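First, one chain by itself in structure tokens, the form predicted alone.
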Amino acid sequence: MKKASGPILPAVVAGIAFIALWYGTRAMISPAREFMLPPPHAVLQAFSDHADELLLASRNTAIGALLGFGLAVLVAGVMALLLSLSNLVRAALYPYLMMMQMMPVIVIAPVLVLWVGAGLPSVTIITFLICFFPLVVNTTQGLISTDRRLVELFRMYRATKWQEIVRLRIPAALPYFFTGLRIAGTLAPIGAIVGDFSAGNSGGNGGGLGFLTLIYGAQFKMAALFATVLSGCILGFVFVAAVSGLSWLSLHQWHDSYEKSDN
């Protein structure tokens, strides 16, 4: 059995180098501007001092991210299936989907606030819009990129269209789908934070990390502001790790992108 060598040591060295660079950069800043870059130990202290607020805000952001992400997976899956079944539908709608992908979502935040109200509904829709496009584009590409020889084999054996979709096209599209899912999983916490920043509120303790950023920024609590950024990074890591784990469980037994270890 081969012994797996993980990249733990390089990661540790890079982390130490980053912290040293942080302290070194702060040492070169004039004393009058030192407050703008708190040292790492002050950020960790603020993370501890504001733990309750950060935990509540992280929970609210996670709820908005999960709702928007889940809705994007559901709608994108259905849309991708429709696009893959008809060349006419794909030719009619696909260019507009690509154009909408370029839309600056933050610009429509005020409109969403007027339509559905500030807080979780707007945050969920903004997260959905950010996550939807990479999912539908990648999944559609996977569904229409099935090996033509396998498609012809299914048709030669007179498989129904439903059998072709369920037993061939969807399994073949899974790597594309999980590529989109990883992108969406990375964007979901960012979308929720941006949505909360531009359309959130603190009613009923419903404020997320974006809203907390506004509060700490207005109060010039720089260490707490950096602690909020750290909380967002942790939340993003949890999302990406969950998606990567789901991808591994679904693909590692049969797809070439996962190298099988020797026994």
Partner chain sequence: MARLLRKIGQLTLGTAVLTGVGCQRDSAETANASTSLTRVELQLDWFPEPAHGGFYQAAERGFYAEVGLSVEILPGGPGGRPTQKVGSGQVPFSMGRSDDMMLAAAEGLPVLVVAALMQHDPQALLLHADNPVETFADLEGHAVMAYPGSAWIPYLQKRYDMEFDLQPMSFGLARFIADPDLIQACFVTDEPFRLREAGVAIKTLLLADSGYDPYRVMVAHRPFAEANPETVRAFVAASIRGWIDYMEGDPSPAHERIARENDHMTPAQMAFSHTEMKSRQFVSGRSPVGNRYGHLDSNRLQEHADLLHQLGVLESPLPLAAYADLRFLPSNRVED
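Predicted, not measured: the structure shown is a model, and the values here were computed from it. Positions refer to the first chain, counted from 1.
One more form of this protein should be noted, the form predicted together with its partner chain, which is absent from this view; the next part is about it.
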- Message: Looking at 26-34, 40-48, 234-242, 62-70, which stretch has residues with any non-hydrogen atom within 4.5 Å of its partner chain in the predicted bound form?
- Response: 26-34
- Note on the structure: The one option of Ala118, Ile183, Leu143, Leu129 with any heavy atom within 4.5 Å of its partner chain in the predicted bound form is Ala118
- Query: Would Phe226 sit within 4.5 Å of its partner chain in the predicted bound form, counting heavy atoms only?
  - Reply: no
- Is there a heavy atom of Leu55 no more than 4.5 Å from a heavy atom of its partner chain in the predicted bound form? no
- in the predicted bound form, does Ala91 have a heavy atom within 4.5 Å of its partner chain? no
- Message: So, Val113 and its partner chain: in the predicted bound form, are they within 4.5 Å at any heavy atom pair?
- Response: yes
- Note on the structure: Across 210-234, the residues having a non-hydrogen atom within 4.5 Å of its partner chain in the predicted bound form turn out to be Phe211, Leu214, Ile215, Gly217, Ala218, Gln219, Phe220, Lys221
